[in-house]
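This document opens with one chain alone, in structure tokens, the form predicted alone.
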Amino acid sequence: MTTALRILTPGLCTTVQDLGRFHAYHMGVPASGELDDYAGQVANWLVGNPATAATLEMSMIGASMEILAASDIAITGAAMNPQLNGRPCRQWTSFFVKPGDILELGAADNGCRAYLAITGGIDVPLVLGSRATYLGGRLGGFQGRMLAAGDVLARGAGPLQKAPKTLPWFPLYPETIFLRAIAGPHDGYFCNQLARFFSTPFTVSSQCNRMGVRLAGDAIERDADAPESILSEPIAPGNVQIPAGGQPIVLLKEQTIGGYTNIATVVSSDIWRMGQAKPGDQVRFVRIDLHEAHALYRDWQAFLAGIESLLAGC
């Protein structure tokens, strides 16, 4: 363990995350983890870490920090105009830092969440097999909470790189987000509204956090003969709930059960896009079937494996 970072200003919401914990649903503990796990994984690969290493997730406004140990760092995700000792530095590339350096990130110009990876990964205790912060349960991460000024973080062991690594491209986060989704599991409650749901644009409201994103738009109403409510049941990231007011909620990674009907489910290879959604963005759902969803999943895994292989060979 190496003492690596001192937080000077924490930004709006900075937490320690990794790919999440997936074996504790039966105890009411959600997966948590990086909301844009694509950006989180690439950040780790850029500094030579495995995809599972812990990163810092910064939402809307980035943190500033003092470097306490020689390390490689990479910042991916939302564009937050990072500066090292007052000089701009690029995202989606790794760079070397040394003790005494000051790294500062600003407000997001594009997207919502940025990810900082460091040599060896952020070193906090494993809780139920993960280092991810579950804010609702004050569990995991750094003392189960958002980072604050004065916090000192350690990193794991790992070799420094001989040269920087750069991803040859980087994603831009559009203001209109297309999400491929499968109807259900409660689409039978919305037979008269299903086509409307898949053809209507919705707007990301200010009611969004790591649990889910509430959308605004034309109300989606259940069929007249459908039951008024369901018993609470297990939910999954990507479920799209329709509460009483008819405004959809896209669930993310900090919830395990829900009592609203789910009209559709966003495919796993698209959920990361909602991690970069900000209030005012538009969302449109594109209907696909289960066969297409399986093919998308295989293609997405192959795409990620290609990036990992590319950066490992740099």
Partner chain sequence: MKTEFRASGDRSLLAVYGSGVDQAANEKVRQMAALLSGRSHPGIEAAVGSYCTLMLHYNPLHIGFEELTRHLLDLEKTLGEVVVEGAKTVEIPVCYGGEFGPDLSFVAQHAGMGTNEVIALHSAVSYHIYAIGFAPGFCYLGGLDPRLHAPRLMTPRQNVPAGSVGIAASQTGVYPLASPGGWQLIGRTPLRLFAPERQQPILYQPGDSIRFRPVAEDEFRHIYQLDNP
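Values in this document were obtained by computation on a predicted structure and should not be read as measured data. Numbering follows the first chain given and starts at 1.
There is also a form predicted together with its partner chain; it is not shown, and the following applies to it.
Here the marked residues Phe170, Val204 and Arg273 all miss its partner chain in the model of the complex; none has a heavy atom within 4.5 angstroms.
Of the residues Ile177, Cys208, Ala154, Val127, just one reaches its partner chain in the model of the complex with a heavy atom at 4.5 Å or closer; this is Val127. Exactly one listed residue, out of Val267, Met60, Ile67, Ala51, brings a non-hydrogen atom to within 4.5 Å of its partner chain in the model of the complex: Val267. This chain is displayed without its partner chain, yet in the model of the complex the stretch 252-260 from 39-47, 277-285, 52-60, 252-260 comes within 4.5 Å of it by heavy atoms.
Not displayed here, its partner chain is kept clear of Lys165 by more than 4.5 Å at the level of heavy atoms in the model of the complex.
Its partner chain is not shown here, but in the model of the complex it comes within 4.5 Å of a heavy atom of Tyr134. For the chain shown alone, His186 is a contact residue for its partner chain in the model of the complex, at least one non-hydrogen atom being within 4.5 angstroms. In the model of the complex, its partner chain lies farther than 4.5 Å from every heavy atom of Ser94. In the model of the complex, no residue of 71-106 lies within 4.5 Å of its partner chain by any heavy atom.
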